[in-house]
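In structure tokens, one chain follows: the form predicted alone.
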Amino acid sequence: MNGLTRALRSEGGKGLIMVSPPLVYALLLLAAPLATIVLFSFWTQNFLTIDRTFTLANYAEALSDPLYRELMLRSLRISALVTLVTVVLAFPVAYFISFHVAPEKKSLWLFLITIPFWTSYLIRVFLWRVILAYDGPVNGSLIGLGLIDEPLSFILYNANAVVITLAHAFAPFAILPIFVSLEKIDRSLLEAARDLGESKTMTFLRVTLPLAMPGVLAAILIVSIPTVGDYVTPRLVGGSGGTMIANMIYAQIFDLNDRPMGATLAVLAMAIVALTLIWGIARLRFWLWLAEARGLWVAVGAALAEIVALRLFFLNGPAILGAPATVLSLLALATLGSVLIFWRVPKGRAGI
């Protein structure tokens, strides 16, 4: 008992006491529900009862059904496109605030960026539904200007509408981390680059952009992870062409009353998203390292070749290996390749 008292009074014991409440909170509200979902995925549903016999049938069905694969791929494509659009448009805004706005006015600009958070996310989605409607402001303005003869049909109730809405909703999440990263850059480094004869463009590419990459990477993660599992936006503006994996998870649990299959799709979605992001970060490190060591065009060629090879493998693999084996092989190769890259390839100037 005395030993326990001394341990609790030590520095480590005091730290443990301080972190215990949030640790218990996290375990109860995060780990326990996640463990429950994983456990449900190995059971089956018989009408209103749950058969708790351990089985992998749900995973076999989820990996072999082409509908689930298509929805997962569509979710990844939409998330990647939203991330690309959001980060590309957010970087100039963050750069302008960091480098061209007076220090005393930066807080005002950041305050203005957060104004969209004053309204409900659901209201913002409904507003985009009105804006992109066939009789909405976009089509009305284009018809009034004589640019089109009939309303555009590709801006609502499809994947394009989902990308537009999500890109607007997550723009502040991309601007803020990039701004923080740009603010940390020592301006004397930029002055030194200019004194050594670098142009503004090359100074940006060789100094500013690499030093801002941690913020860009944070923006990519912050935007891509929640957009993969978004449910509201595809439901309201996506239509049948914008349905994502979260909508199918909802349908399995609430509409079809098949909670184990919904849990299986949720577990697979989490695993695929996590491994895809790890693979993407690892490949980005490898391509940046290759660009520094062998040149930009060598890195671009290697990246394109790898992407084409993966696409061919995914398209032709199910006919040769079967759909489940193809998906599992891709995940295993991505994991193994990522581990090797993180182990053998050092971080470059970009800090990735």
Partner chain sequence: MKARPLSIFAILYLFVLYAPILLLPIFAFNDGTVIAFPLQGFTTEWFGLLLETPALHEATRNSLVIAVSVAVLATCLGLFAARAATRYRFPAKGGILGFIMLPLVLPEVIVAISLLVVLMQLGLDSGLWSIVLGHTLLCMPFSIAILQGSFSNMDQSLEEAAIDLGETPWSTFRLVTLPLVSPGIIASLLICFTISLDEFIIAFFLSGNAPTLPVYLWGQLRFPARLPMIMALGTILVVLSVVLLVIAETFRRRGLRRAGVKDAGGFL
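This one's a predicted model, so the numbers in the text were calculated from it and none came from an experiment. Positions refer to the first chain, counted from 1.
A second form of this protein, the form predicted together with its partner chain, is not displayed here; the remarks below concern that form.
With the partner omitted here, the stretch from 220-228, 149-157, 275-283, 186-194 that lies within 4.5 Å of its partner chain by heavy atoms in the predicted complex is 220-228.
In summary, among the residues M202, L209, L127, I143, the only one with a non-hydrogen atom within 4.5 Å of its partner chain in the predicted complex is L127. Screening L256, L73, M270, L84 for any heavy atom within 4.5 Å of its partner chain in the predicted complex leaves a single hit, M270. No residue of the trio Y59, A161 and L315 has any heavy atom within 4.5 Å of its partner chain in the predicted complex.
Contact check for Y25: a non-hydrogen atom falls within 4.5 Å of its partner chain in the predicted complex. In the predicted complex, its partner chain lies farther than 4.5 Å from every heavy atom of A305.
Contact annotation: S240 falls outside 4.5 Å of its partner chain in the predicted complex, judged by heavy atom distances. The closest non-hydrogen atom of R294 lies beyond 4.5 Å of its partner chain in the predicted complex. Residues of 234-261 lying near its partner chain in the predicted complex, listed in sequence order, are R235, L236, A246, I249, Y250, I253, F254, R259, the criterion being any heavy atom within 4.5 Å.
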